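The form predicted alone is given below as one chain in structure tokens.
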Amino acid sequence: MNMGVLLRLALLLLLVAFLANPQAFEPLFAPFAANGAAAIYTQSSLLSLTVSHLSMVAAATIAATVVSVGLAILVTRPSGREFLPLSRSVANIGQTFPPVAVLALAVPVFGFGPIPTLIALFLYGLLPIFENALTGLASIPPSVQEAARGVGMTDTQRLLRVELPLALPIILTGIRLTAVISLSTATIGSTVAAKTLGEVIIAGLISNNTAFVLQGGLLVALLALFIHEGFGLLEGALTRRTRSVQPA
């Protein structure tokens, strides 16, 4: 086991220990607390905020994946190629309107809470997944397509059994990018009363308590690291599997 793996394992154990018992880490954060203020954020459970934060990111990422992959499938079919410009425009909406602007537009309609944040994360996550899904599906070797037709597969069977499995590693790269970006972007959801780790950071900024800011920031950073690494391992395994089943 190399040092990199040991370091990641140590960080994971540290994260779990902190979420299970934050008060045990009070001596570490006490020097950063302002004027004898509390060193550990206790207005809400850090564990519950973390679970809520991850749940929001997961929901938005899953929704963005379904829509983006669906659009990529549509425009890579002969009957749907004319919709490629429109699909790109839809996927670009989240990049055109930054999450803060989406929140500002969504709050008057949906009110405060998680829904505006989910909408912002969903829209912002469309483009990376769409572009990667489009690249993955468009790069299937013609010889593989012909082989699938040769054994009598229907269009649907080719899509489900050949094209999507072969494109999956590239699609996962887009999902990983979206998940990591959404994880950090979700912190702004606390400005509209969504339960995220941004609540800890905002509380620290308002009270000038660096200890709170560090707690929220470090939790988000560690979660982003582990999500990035987890997707990376999955992509690597799928890439090796894909190469092993493709014809030479």
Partner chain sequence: MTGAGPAETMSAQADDTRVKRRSGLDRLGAILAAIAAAGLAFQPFSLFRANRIVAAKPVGILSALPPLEAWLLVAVVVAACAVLLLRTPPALRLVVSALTLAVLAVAVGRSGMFLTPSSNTYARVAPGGAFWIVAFAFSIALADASVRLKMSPLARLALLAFTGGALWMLLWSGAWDSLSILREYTNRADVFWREARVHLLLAIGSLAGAAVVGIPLGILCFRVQPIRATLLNSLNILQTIPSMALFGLLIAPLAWVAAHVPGASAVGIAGIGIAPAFVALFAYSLLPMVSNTVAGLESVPPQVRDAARGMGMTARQRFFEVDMPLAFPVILTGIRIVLVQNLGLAVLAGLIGGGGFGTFVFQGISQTATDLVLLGALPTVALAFAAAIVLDALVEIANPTPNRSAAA
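Source: prediction; values computed, not measured. Positions refer to the first chain, counted from 1.
As for the form predicted together with its partner chain, it is not shown, yet the points below apply to it.
> Taking 4.5 angstroms as the cut-off for heavy atoms, does Q157 touch its partner chain in the predicted complex?
Result no; Q157 lies far from its partner chain in the predicted complex.
> If you check in the predicted complex, is V162 within 4.5 Å of its partner chain, heavy atoms only?
Judged by the heavy-atom cut-off of 4.5 Å, V162 is well away from its partner chain in the predicted complex.
> Heavy atom to heavy atom, is A24 within 4.5 Å of its partner chain in the predicted complex?
No, no contact at 4.5 Å.
> Answer yes if any heavy atom of V16 is within 4.5 Å of a heavy atom of its partner chain in the predicted complex; otherwise answer no.
No - in the predicted complex, heavy atoms of V16 and its partner chain never come within 4.5 Å of each other.
> Would you kindly say which of M153, A147, L86, I115 lies with a heavy atom within 4.5 Å of its partner chain in the predicted complex?
That would be L86.
> In the predicted complex, which of the listed residues (M56, V213, V67, L49) lies with a heavy atom within 4.5 Å of its partner chain?
The option sitting close enough to the partner is V213.
> Counting only non-hydrogen atoms, which stretch in 131-139, 115-123, 72-80, 164-172 is within 4.5 Å of its partner chain in the predicted complex?
Of the stretches listed, the one contacting the partner is 72-80.
> At 4.5 angstroms, heavy atoms only, are V90, A104 and I201 all close to its partner chain in the predicted complex?
The answer is yes: all three residues contact the partner (heavy atom, 4.5 Å cut-off).
> Under the 4.5 Å heavy atom criterion, name the residues of 182-217 that approach its partner chain in the predicted complex, in sequence order.
Counting only heavy atoms within 4.5 Å of its partner chain in the predicted complex, the contacting residues of 182-217 are S184, T187, I188, T191, V192, G198, I201, I202, L205, T210, V213, L214, G217.
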